[in-house]
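Take a look at this single chain, the form predicted alone, given in structure tokens.
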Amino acid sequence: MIPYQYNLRSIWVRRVTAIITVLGVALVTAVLAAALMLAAGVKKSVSVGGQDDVAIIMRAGATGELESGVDESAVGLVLSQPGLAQENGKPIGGGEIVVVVALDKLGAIGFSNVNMRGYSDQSLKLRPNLKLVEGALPKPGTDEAMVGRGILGRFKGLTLGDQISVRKNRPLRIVGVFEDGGSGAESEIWADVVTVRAAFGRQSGVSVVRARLASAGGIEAFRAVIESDKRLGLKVKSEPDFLAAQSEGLSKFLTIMGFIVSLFFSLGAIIGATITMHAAVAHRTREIGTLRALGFSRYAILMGFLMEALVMTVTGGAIGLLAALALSSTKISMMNPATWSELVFALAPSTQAFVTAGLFSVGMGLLGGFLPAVRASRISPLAALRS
């Protein structure tokens, strides 16, 4: 094999074109890694905190909380079923109502949808990670609300002490700020369920029922009881399964778009690497002939030139991954099609994202360097020395 010092020195001699190739690969790798980190961030934000022993009960056929509706009479029947955890002789669970309000953005033109959740004291018992970080909890039955840390200050009226108008002559005052371990709840406004019902005229029912099971393994038995009662017209999901379904659409969209954009960008990077390596072969014909005359085989020549292409693309890939990693603390705000509301989440570095983007950069090196390497290996020693 050709000594690696020879290949590294050859790259240094052509450092201008090599740097351009490295930067092109770095850009492609960073874009792909960032897109995969976005998809992972959506999954993490929406799915974090899901508990196996919590059941989500919603209308059969509904795919999300906004589409669902559970009559008030059905709530009592659901909570009276066996298999639920008890506290002081009462089941741990209750109904929650979810609506969408349109709020003006801060620092941008236009408005966006934000989820508002009507909750009860039972809702807090089902979310052990939720904690108040500023202000106070809204008092039951009052026109008070608290806002998730994710959307704090991103919309007009969503700062501590401000007011938002959800209906004419029905303002809500923000009295608290909460966080929930980075979950999607941090992109919501929470108010007392009675207040939300009155403001939106939804006294007849709730969106979903959340309930804690006596054991995580009891979800199938509880589902069989609820779904077999055709009068209720309800379905049951475990909280992790429900949350995973809420992130699936946006996560797939970001992943596919990332690959499409990276594919187009990679064509330019591959062409750049190919041109760089072809130019190197053209300018080093005598060197190649000398190497062949010294006894190096065609295979050694091919692998030497292929290694040069891989060194450039792997270096570019490493730079791209570091650039993507630097974005890990960046928070992004996007519309989640599952909820038709704003979702704030951070890019989530993951081993899968980095391995995929890294292998993509290696693939660019192999594709961009293979043909020039084959061309170099086929050069005749005598013809090369005469040139």
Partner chain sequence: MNLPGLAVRNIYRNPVRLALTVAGVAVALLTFVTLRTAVMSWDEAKNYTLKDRLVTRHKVTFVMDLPKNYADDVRDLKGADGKPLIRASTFLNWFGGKDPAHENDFFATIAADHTTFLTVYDEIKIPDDQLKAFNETRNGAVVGDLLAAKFNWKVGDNVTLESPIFGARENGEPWAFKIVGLYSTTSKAVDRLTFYFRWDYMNDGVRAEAKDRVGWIASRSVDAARAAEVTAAIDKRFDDADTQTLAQDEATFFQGFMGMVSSVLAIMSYLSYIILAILGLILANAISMSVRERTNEYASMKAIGFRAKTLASLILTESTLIALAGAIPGVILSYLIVDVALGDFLEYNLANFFPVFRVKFWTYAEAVAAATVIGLFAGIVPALTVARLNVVENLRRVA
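Positions refer to the first chain, counted from 1. These numbers were taken from a predicted model, which means no experiment stands behind them.
Missing here is the form predicted together with the partner chain; even so, the following discussion is about that form.
Taken together, Asn113, Phe200 and Val261 are fully in contact with the partner chain in the model of the complex: each brings a heavy atom within 4.5 Å. Residues placing heavy atoms within 4.5 Å of the partner chain in the model of the complex fall in a single listed stretch, namely 277-285, out of 303-311, 122-130, 277-285, 137-145.
Of the residues Val101, Leu234, Leu152, Ile219, just one reaches the partner chain in the model of the complex with a heavy atom at 4.5 Å or closer; this is Val101. Among Val362, Met335, Ala323, Val355, the residue placing a heavy atom within 4.5 Å of the partner chain in the model of the complex is Met335.
Contact check for Leu294: every heavy atom lies farther than 4.5 Å from the partner chain in the model of the complex. Interface membership of Asp52, defined by any non-hydrogen atom within 4.5 Å of the partner chain in the model of the complex, is ruled out. Although the partner is absent here, Lys44 is not a contact residue: none of its heavy atoms lies within 4.5 angstroms of the partner chain in the model of the complex. Remark: Leu267 counts among the residues lining the partner chain in the model of the complex, judged by a heavy atom distance of 4.5 Å or less.
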